[in-house]
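In structure tokens, one chain follows: the form predicted on its own.
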């Protein structure tokens, strides 16, 4: 296992490249959220009425799923650093379970919205809703793929601290993005 000097500012957890990706993703979502806010000011009644169509319980439950999985991911990293591979693998599986539960509930929500006729072209609010949540879902699926590969590497014993920290950084980015999307889409407008 590689020894890392954590006091080196040139090596943030997960590595510089991962943090560049995270910052670019956050900037992309930030720009989209700014566009949503600007558009909502021009169509405040439409945005308010459309937001009322969403089910905040779905969003709240999904928030719990992602925050819980984020906790389990942090625990995974901690257990790995303690060289407890068995516990690390267990918590990593709980992390993935939280991600899968998020995707299942989001799929149910999508199905209901489509069945009710609230597709991406219904109005400008739902255009933002579908694009932002859809882009987030893609990130969660990528994150789950990364975690699946990390879990396989963990079982083989070929995982480094850098690998697990990079996967954790990406997973926590998904949590952070959802923590921005949930209140803005489901609660504010």
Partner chain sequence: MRKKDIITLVLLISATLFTAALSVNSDDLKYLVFVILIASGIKFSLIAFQFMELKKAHTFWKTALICFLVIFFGVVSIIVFY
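Computed from a predicted model, the values in this text were never measured in an experiment. Numbering follows the first chain given and starts at 1.
Here the subject shifts to the form predicted together with its partner chain, a form of this protein not shown in this document.
When its partner chain is considered in the model of the complex, residue 124 lies well away from it, no heavy atom lying within 4.5 Å. The closest heavy atom approach of residue 97 to its partner chain in the model of the complex falls outside 4.5 Å. Residue contact with its partner chain in the model of the complex: residue 156 places no heavy atom within 4.5 Å of it. Residue contact check for residue 85: none of its heavy atoms lie within 4.5 Å of its partner chain in the model of the complex. Annotated contacts: 101, 136 and 163 are all free of its partner chain in the model of the complex [non-hydrogen atom within 4.5 angstroms].
Looking at 152-172, the residues that come within 4.5 Å of its partner chain in the model of the complex, counting any heavy atom, are 165, 169, 172.
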